[in-house]
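First comes one chain, alone, set out as structure tokens in the form predicted alone.
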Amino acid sequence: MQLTKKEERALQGDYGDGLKLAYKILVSIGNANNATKLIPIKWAHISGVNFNTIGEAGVRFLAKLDKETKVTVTTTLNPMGFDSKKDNNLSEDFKANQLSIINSYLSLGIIPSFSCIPYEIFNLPKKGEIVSFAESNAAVFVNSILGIKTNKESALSSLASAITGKTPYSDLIIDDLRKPTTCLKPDIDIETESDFGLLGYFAGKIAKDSCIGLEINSESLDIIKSKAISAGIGTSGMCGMFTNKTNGCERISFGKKEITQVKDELNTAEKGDLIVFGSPQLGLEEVNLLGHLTEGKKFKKPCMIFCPRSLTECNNKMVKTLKKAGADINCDSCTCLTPLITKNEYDSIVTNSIKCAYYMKHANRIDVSLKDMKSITKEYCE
């Protein structure tokens, strides 16, 4: 990989240990992915914020970063482990480690957004610009819907990119590699957000490249369905983009057999002890829809909703409606690897989110009843 003289000096430590480490990470990743050079980025979004995600090793790594090290581009953060403005029963050890992580990131100059949907709460760079996004649903969404370019980054690579303002020129950054060789053709009606999530989950599992084609009408994709596909793809594989431009692709059917297969993998319970919404976090459209579905009603089971803090601070009418319906609104956090929902308290949950279903089953060891939002409110509200 070719480096500029300034990049070589940074790699040698001439500009401090923080930049040296960041460039070392990017050069290693670039060489592994046959990148020819490093190129500038406009934005970075970092995962690895929840203590349950990075553990004690991550806490120590962040704490040891050179205090002079700062990010050089606009950088936002994924959710952490709990809502910082609410009481909880988490251990003091967890909270102390979580606070250490947050302080380390803040010392770098990172925006404390604590959201996995930066595309809904920030004005991101324009189409064609290059970013470094570690959150899987966000990477797939900006590549596929907004036309922004990012590889599906890790917590470490996105942090290195935030510090250097660079990313390896490889994979989905290159226009010729943003084309699918395989596409899915639905042979059944795909209607609900959960159906679109299952389509995305299946697509991620069978994708042979970083981009997969989906033969669906782009006009039918509102932001809720687009998020569901993006989260599904991001959860099940390494694929980082979908497109409806499928000329010359190998076509794979997605019919009743396939949707049943992936649903059976994730749907392991008939009922749920807890209703969970927000993986990815609910945005304005989803909060408004859920608010209308529950207006004048009450949840018959405990309900936890995860959304960005900006939605709760803008005097949103539907947030108030959901609270009246009995929902527990949580900001700064999401369902993935959450310590707020454990097997000790709940045997099963009900959710409309494929990503939530996957992590609850595989990480939290909790059974899942998977239904779409309208079906959940019909069954669990009165």
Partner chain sequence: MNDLVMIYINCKKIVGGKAEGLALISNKPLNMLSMFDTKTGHIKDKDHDLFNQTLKNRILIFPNCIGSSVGAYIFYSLKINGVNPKAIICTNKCDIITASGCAISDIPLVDGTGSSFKSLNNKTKVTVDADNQIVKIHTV
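Because the structure is predicted, anything quoted here is derived from the model rather than measured. Numbering follows the first chain given and starts at 1.
Beyond what is shown, the protein has a form predicted together with the partner chain; the following relates to that form.
The partner is absent here, but in the model of the complex a heavy atom of 54, alone among 39, 318, 341, 54, sits within 4.5 Å of the partner chain. A single residue from the set 156, 305, 183, 148 has any heavy atom within 4.5 angstroms of the partner chain in the model of the complex; that residue is 156.
In short, of 324 to 332, 309 to 317, 347 to 355, 59 to 67 it is 59 to 67 that has heavy atoms within 4.5 Å of the partner chain in the model of the complex. Of the heavy atoms in residue 374, none are within 4.5 Å of the partner chain in the model of the complex. Although the partner is absent from this view, residue 25 contacts the partner chain in the model of the complex, with a non-hydrogen atom inside 4.5 angstroms. Within 4.5 Å of some heavy atom of the partner chain in the model of the complex lies at least one heavy atom of residue 21. Contacts of stretch 18 to 41 with the partner chain in the model of the complex, defined by any heavy atom lying within 4.5 Å, are made by 21, 24, 25, 28, 29, 31, 32, 33, 34, listed in sequence order.
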